[in-house]
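Quick setup: one chain, the form predicted alone, written in structure tokens, and binding and motion questions come after.
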């Protein structure tokens, strides 16, 4: 029975690994093919089944002519995503802590209603917000700028940070705050010196979600920029022509997903919620 359990367990892990890694391996092999290598059928082994080529990668770093220069959009995406995620994480964490530890009431509106208001911002279709954002950025002269996109992304990403962090704060006993204040900490010191260190997993999860949603956004990057500013998702779509360049699209997909994959491996060790044991005296 134990042998059967191990066989089923490792078989399931193997199938899931193939399901996850398969698209990446397919994109990797496709990125080194030419149009002839793609239309000739499914091939997997370079030099034996097809002749590898760097044309698909070269298109990504070509200025003018056929192709794009992916470096500037890549750096612009990094700047906008990192800035917006950092601001959203700071503001969202402070808002979540306030909603978790204090009671607010304005007529019929209470903490639960304020929390739902933050979450509801992610329920609305993006098209509903596109015209208000466009008019707002136009009024302030921020259309087609990185700063304008950062402001928009903060409005979109902060609800995610609030939603994730408020759950983590709810799971930290209030007695921990009270114990710290009995030891002489002021409320601000309690938050920064006691509560935040015990929220590292939550901060990592919230930050990771913000980075993923910000990095992958295409709609607002397309609607609110024109020529001066171009983010990576828009630059990748610009590769399309009358004939879909699958080799270049595969290369750009690998380049686009690489930062998120690396980040996931780096922060994986922090994704644990067992760091509160013995925290209360």
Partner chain sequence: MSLIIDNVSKSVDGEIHLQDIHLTMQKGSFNTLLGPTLSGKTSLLRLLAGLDKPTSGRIMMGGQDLSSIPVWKRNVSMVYQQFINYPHLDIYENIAFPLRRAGLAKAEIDRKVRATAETLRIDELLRRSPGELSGGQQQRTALARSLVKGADLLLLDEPLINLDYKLREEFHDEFTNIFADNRDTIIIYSSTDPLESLLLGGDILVLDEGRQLQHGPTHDVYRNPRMEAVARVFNDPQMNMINGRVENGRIVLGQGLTLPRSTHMTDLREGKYRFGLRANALGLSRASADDVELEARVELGEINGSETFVHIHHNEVSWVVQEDGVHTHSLGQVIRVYFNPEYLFAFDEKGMLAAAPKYVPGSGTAEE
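Residue numbers count along the first chain shown, from 1. Every value quoted in this text rests on a predicted model; they were computed, and no experiment measured them.
As for the form predicted in complex with the partner chain, it is not shown, yet the points below apply to it.
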Inset, instruction - Answer for residue 184 alone: is it within 4.5 Å of the partner chain in the predicted complex, judged on heavy atom distances? - result: yes
Legend entry - Contact flag, residue 193 vs the partner chain in the predicted complex, heavy atom cut 4.5 Å: yes
Inset, instruction - Report yes if any heavy atom of residue 173 sits within 4.5 Å of a heavy atom of the partner chain in the predicted complex; otherwise report no. - result: yes
Legend entry - residue 179: touches the partner chain in the predicted complex, heavy atom cutoff 4.5 angstroms: yes
Inset, instruction - Taking only heavy atoms into account, state which residues of 4-30 are within 4.5 Å of the partner chain in the predicted complex, ordered by sequence. - result: none
